[in-house]
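Below sits a lone chain in structure tokens, taken as the form predicted alone.
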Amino acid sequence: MRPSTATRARLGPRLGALLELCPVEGPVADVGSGHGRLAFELARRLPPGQVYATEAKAGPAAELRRLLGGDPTVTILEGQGLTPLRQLGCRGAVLAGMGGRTLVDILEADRDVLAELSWVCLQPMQRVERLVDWMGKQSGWVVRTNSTRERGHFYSGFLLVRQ
């Protein structure tokens, strides 16, 4: 099956900037994938079977399946935060479309899964200072940043790469 037109739609500046930060090395997970556009674009850049898209609940996961149109290159998982990635061998994860506080909560709750990752790409929608404060307290990561504007809003992206 082919992804739906909505999924193939252009990413836009916010997600485009985030994609620029993401290393092209997988397997990788788009955590809280939403409409699946980022997962679809990651799947275009990696070998088949190396992209996971997660949603916390059954309803959003079903909608994600519909939006991706049964695309076999993206595996859809259901579960909270990084938990669905446990023991999948993911090299990286992308978390976007959530507030800084939520991102920190996810990273803290699943520290064991975070420890398995080589890189994490983050883009908070609000409360950026909360995420920046958390990153400042972490050791063993190199941080790269970028930023963009979309529809009058400013977005900061962060790539954390394990040293």
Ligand SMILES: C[S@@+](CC[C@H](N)C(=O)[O-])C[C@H]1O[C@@H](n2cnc3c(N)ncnc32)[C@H](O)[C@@H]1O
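Predicted, not measured: the structure shown is a model, and the values here were computed from it. In this text, residue numbers run from 1 along the sequence as written.
Only in words, not in the display: the form predicted in complex with the ligand, which the text now covers.
**Asked** Which of 41 to 49, 132 to 140, 98 to 106, 111 to 119 has heavy atoms within 4.5 Å of the ligand in the predicted bound form?
**Response** After filtering at 4.5 Å, what remains is 98 to 106.
**Request:** Check whether G69 has any heavy atom within 4.5 Å of a heavy atom of the ligand in the predicted bound form, and answer yes or no.
**Result:** No, G69 stays farther than 4.5 Å from the ligand in the predicted bound form.
**Message:** Even though the partner isn't displayed, in the predicted bound form is L15 close enough to the ligand, meaning a heavy atom within 4.5 Å?
**Reply:** It does: once the ligand is placed as it appears in the predicted bound form, L15 has a heavy atom within 4.5 Å of it.
**Message:** G81 versus the ligand, in the predicted bound form: is there a non-hydrogen atom within 4.5 Å?
**Reply:** Yes.
**Request:** Indicate whether G26 is a 4.5 Å heavy atom neighbour of the ligand in the predicted bound form.
**Result:** Answer no; every heavy atom of G26 is more than 4.5 Å from the ligand in the predicted bound form.
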